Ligand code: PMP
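We begin with a single chain expressed as structure tokens, specifically the form predicted alone.
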């Protein structure tokens, strides 16, 4: 079989061009720039996170830093957290402890799909979905969400399913739009997948990518797709809740009524090994009981949302208050979102062009910017809008 790397390189081209842009790199390191481009921290890490990590670095026996797999203590901690937060009774043995959400997605795809299979994903997507599907030899099938609501479109997903469909990959709360899909939309998706599984004589697995399921605004509660569809793999990363994306720990958890759970569990562990030993590091697993209880300051995050988004609306931008995640989408005042992102740079503001996430004519902003950046950014957005108006 020919290498898939040329296809992956083509798919990743816009993302890599953005991330490796020298001006982007230079401005991202400048504290005077209002950086809304990527969900990186713009303040020092949580002190409790630093303490938890420091406390587990002193070895307690000769095996302290030996190979770590899906450790019993970590599985129990994660299962208890899912039960407490989501009300889903996941069995500890059905938890795989991964090196972040990235590892959870890659491991799940390697287990469930391969050459000849199709995997449906929704667009706008996370940067790496299509590339990860290609990497296992499967064919990516894109289902677009319609702006500005970006509702989960079960009918469109149903129309995309074929006899080759192995899995559907859904992200909620949704990056980049900030949507949190309500139970009625999740039930509609579950009904579609159950009917299609019966019709085609194979289980269509649902990959529920939900690293933002604790990043919710306005007192919202979160419902996991795993509460509606038995053949769901719940995928999570602690990086978002801790705002520490370099700390690579996450998990795969099988829904309680997963068909053929023992066989799937064994296949997932083998896939973790073959995906570059995709288990969480020893120190992070030791710290997990404390990490599970930590969270960034949600009140501060919501305060920034409530300052920035209404200011953009007042200026005349088209956007909406995100329901969760760090992000929201904003319509570019000119059709070329790449050009408008360059115009914003000239006024000291970094954003993610919508073209990078398959929404041309829009751009994404990240609320992980600090308070000072928000205030400077509001003025930059105003100046860029005025400059764009002189071009039309």
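Residue numbers count along the first chain shown, from 1. Since the model is a prediction, treat every value here as computed from it, not as a measurement.
Keep in mind the form predicted in complex with the named molecule is missing from the figure; the text below concerns it.
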Three residues, 105, 175 and 212; all within 4.5 Å of the named molecule in the model of the complex via heavy atoms? yes
Answer key: of 248, 202, 91, 307, within 4.5 Å of the named molecule in the model of the complex (heavy atoms) is 248
Could you check which residue among 286, 150, 181, 126 gets a heavy atom within 4.5 Å of the named molecule in the model of the complex? 126
With the partner left out here, check for me: in the model of the complex, does some heavy atom of residue 81 sit within 4.5 Å of the named molecule? no
Would residue 239 sit within 4.5 Å of the named molecule in the model of the complex, counting heavy atoms only? yes
Would residue 171 show up as a contact with the named molecule in the model of the complex if we use heavy atoms at 4.5 Å? yes
The named molecule contact at residue 101 in the model of the complex, heavy atom, 4.5 Å: yes
With the named molecule left out here, work out from 157-165, 271-279, 108-116, 240-248 which stretch has heavy atoms within 4.5 Å of it in the model of the complex. 240-248
